[in-house]
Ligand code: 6PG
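One chain comes next, on its own, written as structure tokens: the form predicted on its own.
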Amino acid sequence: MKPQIRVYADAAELAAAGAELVAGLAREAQAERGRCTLVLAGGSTPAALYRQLAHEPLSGDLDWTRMFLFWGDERCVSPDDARSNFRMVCENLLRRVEVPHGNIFRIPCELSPDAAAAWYEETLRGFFAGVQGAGGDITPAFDVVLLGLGDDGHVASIFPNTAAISEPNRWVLPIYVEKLDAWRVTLTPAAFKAARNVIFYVSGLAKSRAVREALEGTHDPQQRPAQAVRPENGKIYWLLDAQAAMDLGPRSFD
């Protein structure tokens, strides 16, 4: 399915539109299936979107007791560390809305990377135990997956030329990022194959080249990990501010 590309004037307009889209898809999921399973992006870019979700009118339009929250990746730090994706989401969203504790599934990166990845995989498989894919296997059918994009093209912590890109079976992997000299735990493209909606949310001129290569470059997921995120029957949205979209050619919008 061809991605839907939407461009907004600036980061503030992008945040408002992104929050509206996430909230709208969440309401649809709750109406159709009684709940919404949402994968949250880390880093600094989505913080403004989360703040929009946490305030009226959007916060009041959602039944937060039927929201189930997951993380696309996490840095291997304690949950109160300033670098923690969980902490960022807490500060911008979870402290402002009432999501039941049992609906929040953070990646426990205070454990070792291998242990955290194994625990999260087991948790996901238990949560989605009743959901079967086309081949009869358990599949994580997330309703909404929110992903950012690094200026090097990485999504979640799926970096170029790493094992996560071509991993066929495991949904969660520990990843050592050599250039950062740091461990992370990430969901893999295999975890997103049954997603109903994937939203790439990208802001800033520094990301424009990575956006162009992901959308207009030859198909090479090893170099362009966003190309590996292809839900089999779901929709893909690219939400961009004008700076992030600057290098796109007109054919991307046909």
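Each residue number is its position in the shown sequence, starting from 1. Computed from a prediction, not measured in an experiment: that's the story for all the values here.
Keep in mind the form predicted in complex with this ligand is missing from the figure; the text below concerns it.
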* Any chance Thr45, Asp73 and Val155 all have a heavy atom within 4.5 Å of this ligand in the predicted bound form? -> yes
* Out of 141 to 149, 161 to 169, 117 to 125, 97 to 105, where are the residues with a heavy atom within 4.5 Å of this ligand in the predicted bound form? -> 141 to 149
* Asked: For the stretch 190 to 219, which residues lie within 4.5 Å of this ligand in the predicted bound form by non-hydrogen atom distance?
  -> Lys207
